[in-house]
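Starting off, we have a lone chain in the form predicted on its own, written out as structure tokens.
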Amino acid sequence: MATVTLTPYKTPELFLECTTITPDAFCGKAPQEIAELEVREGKTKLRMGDYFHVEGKAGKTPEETEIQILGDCTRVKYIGFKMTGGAITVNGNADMYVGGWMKGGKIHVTGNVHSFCGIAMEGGEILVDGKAENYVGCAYRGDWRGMRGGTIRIRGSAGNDIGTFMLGGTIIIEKNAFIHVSTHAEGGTIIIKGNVEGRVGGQMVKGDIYVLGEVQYMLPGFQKIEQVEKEVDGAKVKLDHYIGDLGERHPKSKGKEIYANLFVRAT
């Protein structure tokens, strides 16, 4: 892969919207052309080069292009916006909307991410070494289409509203989560390796949730039906299997209702 290196040298006074930090926008361009790409600080239109030193070489296609960001992006939003291929590595933290609406490629953030990571994601992979805030893999506000494909892995903890309106794909939280997991979901898989406080699977129609720690407050709409042993993210675990949300409408297959599945580590 051809690699373009961005080095932040100026911290924006407001937050910087960088929908152009993608292999799709960089491919086929020389460093001086990438430096001319538009970014926004509030309502002001500016250049990529006003905030980042640009070095290296982009590939001819998104798939042949890698972006390395050598510095903190705590105030930089929309990294990897709608990307279709290639790779991005953020060596530090990143702000909201990392990998928003992305369709392919890989994003690796070595620090933490703010809210809406992987919002409405359709494909590709996101790996965050630190923690995530709220709304991982969710739908856009007012929309019913959440994450549809791809994989998000958060090696730390996450906040609330994970996978809201999720339709497909996989979210893995390697530590704890707060409340509202897979609310309104109609597909997809969420694995939480730590504990969850509550409101897990509310108004969920289809899909699978695995909690390898404890759910402090179970919703009344889930009914335990059996105990099973399954392999979850490479480890065999004994789990209590619940179905639900029993208060919601559910599709039928061959005359039988299809429910969402909640698996919680058996005690």
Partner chain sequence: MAEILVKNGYVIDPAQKIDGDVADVAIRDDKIVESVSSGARVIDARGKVVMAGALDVHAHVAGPKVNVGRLFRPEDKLFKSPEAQPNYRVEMGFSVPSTFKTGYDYARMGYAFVMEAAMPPLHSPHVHEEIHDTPIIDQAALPVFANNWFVLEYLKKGEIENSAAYVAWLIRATKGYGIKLVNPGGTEAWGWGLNCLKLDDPVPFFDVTPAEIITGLMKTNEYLGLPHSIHIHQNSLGDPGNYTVTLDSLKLAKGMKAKNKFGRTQVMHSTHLQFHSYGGDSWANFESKAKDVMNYVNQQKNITIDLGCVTLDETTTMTADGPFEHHLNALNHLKWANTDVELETAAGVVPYIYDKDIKVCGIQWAIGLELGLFTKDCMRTFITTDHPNAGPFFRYPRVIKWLMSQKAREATLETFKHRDKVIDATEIHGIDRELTLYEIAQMTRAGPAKALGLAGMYGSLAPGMDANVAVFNLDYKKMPSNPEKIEQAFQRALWFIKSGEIVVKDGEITSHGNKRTLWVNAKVKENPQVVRDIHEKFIKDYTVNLDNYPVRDYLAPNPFVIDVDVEA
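Residue numbers count along the first chain shown, from 1. Since the structure is predicted, the reported quantities are computational estimates derived from the model, not experimental observations.
Keep in mind the form predicted in complex with its partner chain is missing from the figure; the text below concerns it.
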property	result
Contact assignment for its partner chain in the predicted bound form, among 108, 153, 175, 145, heavy atom within 4.5 Å	145
Contact test, all of 29, 51 and 77, partner its partner chain in the predicted bound form, heavy atom 4.5 Å	no
Segment assignment from 154-162, 121-129, 80-88, 108-116: heavy atom within 4.5 Å of its partner chain in the predicted bound form	80-88
is_contact(residue 40, its partner chain) in the predicted bound form, heavy atom dist at most 4.5 Å	yes
Partner proximity in the predicted bound form: residue 236 to its partner chain, non-hydrogen atom cutoff 4.5 Å	no
Contact flag, residue 45 vs its partner chain in the predicted bound form, heavy atom cut 4.5 Å	yes
Any non-hydrogen atom of residue 249 within 4.5 angstroms of its partner chain in the predicted bound form	yes
Residues of stretch 89-119 in contact with its partner chain in the predicted bound form (4.5 Å, non-hydrogen atom)	101
